[in-house]
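Only one chain is shown below, in structure tokens, and it's the form predicted on its own.
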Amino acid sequence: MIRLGIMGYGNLGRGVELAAMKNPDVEVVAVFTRRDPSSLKILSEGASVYSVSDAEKFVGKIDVMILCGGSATDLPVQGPAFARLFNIVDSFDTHANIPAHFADCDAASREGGTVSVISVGWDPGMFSLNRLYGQCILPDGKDYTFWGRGVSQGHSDAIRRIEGVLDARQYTIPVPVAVEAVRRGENPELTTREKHQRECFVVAAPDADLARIEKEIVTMPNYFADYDTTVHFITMEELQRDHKGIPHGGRVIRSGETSDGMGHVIEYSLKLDSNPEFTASVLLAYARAAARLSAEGVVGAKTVLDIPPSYLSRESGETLRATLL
């Protein structure tokens, strides 16, 4: 039985609990929070909620600590801090900063004699693996990644920070003609605007200037300015009725040739009812891998690109060879 700790109890932390219930070889022994522990009601029978400051008391009692904080401010600090104490798995997803985060967690794990598996999820994570497989199999080709249709939590939060906005959801949507051109093996050169659209559903305060809010959204640098963006103003009741979930998904496509005129297209796609629950399920599979690597004496940071697929399964190699090959 692999003993898990959950650091943080938002949507992702609750998703890890749900994933643990589907996997009989793991158990949640403790949940850690920055909130008042007595204010949380968790799902895991036999587990308790503790303050983050109590985590160090669980060294030797937890096989893998799953870090469920955010990539902006939580994981850059928590990753190295807890890697000195525990085997960890995180979902750090700021792509440009992954090399630095890897180096920080690697140094901390080597100091503590632990394993850190970083940037686990579906992108980075499962999509990263499929980009790697595609490049290895079709070296003469091009990669394309499309995200959505799904809720972008970061973009939704950016809208909510605009004066006069009470709540908002933003959907990232692949442009259909771009996806189809890639699927046909045309290898198009696509701009940011040609690959994705953004659709926003906004609840504004009764006295808010709707024209100003819309202009601030569509011209927002780094978020919406480079995309065709549509803004819909709706009521709070409509938002809660029609947009309360956190769906997402996307596809990775590799298009290339093995000889002149002999083209091939590899496509991997996901359609997710719940982004955090699916991400949590990936985290749990890699927590199993982290426990196995640690048992073998491995030390240091790893990513999904470094770990054998069989380490994700609770089945033996013999069973996998007999049933999946």
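From 1 onward, residues are counted along the sequence shown. Here the structure is a predicted model, which is why all the values come from computation and not from measurement.
The form predicted in complex with a further copy of the same chain exists for this protein as well; it is not shown, and the discussion that follows is about that form.
This chain is displayed without a further copy of the same chain, yet in the model of the complex the stretch 255 to 263 from 30 to 38, 62 to 70, 255 to 263, 47 to 55 comes within 4.5 Å of it by heavy atoms. Although the partner is absent here, residue 272 sits close enough that one of its heavy atoms falls within 4.5 Å of a further copy of the same chain in the model of the complex.
Proximity of residue 214 to a further copy of the same chain in the model of the complex falls outside the 4.5 Å heavy atom cutoff. In the model of the complex, a further copy of the same chain sits beyond 4.5 Å of every heavy atom of residue 148. For the chain shown alone, residue 124 is a contact residue for a further copy of the same chain in the model of the complex, at least one non-hydrogen atom being within 4.5 angstroms. Just one of 220, 178, 138, 234 comes within 4.5 Å of a further copy of the same chain in the model of the complex, counting any heavy atom, and that one is 138. The three residues 157, 171 and 227 each lack any heavy atom within 4.5 Å of a further copy of the same chain in the model of the complex. Contacts to a further copy of the same chain in the model of the complex (heavy atom within 4.5 Å) from stretch 13 to 29: 18, 22, 23.
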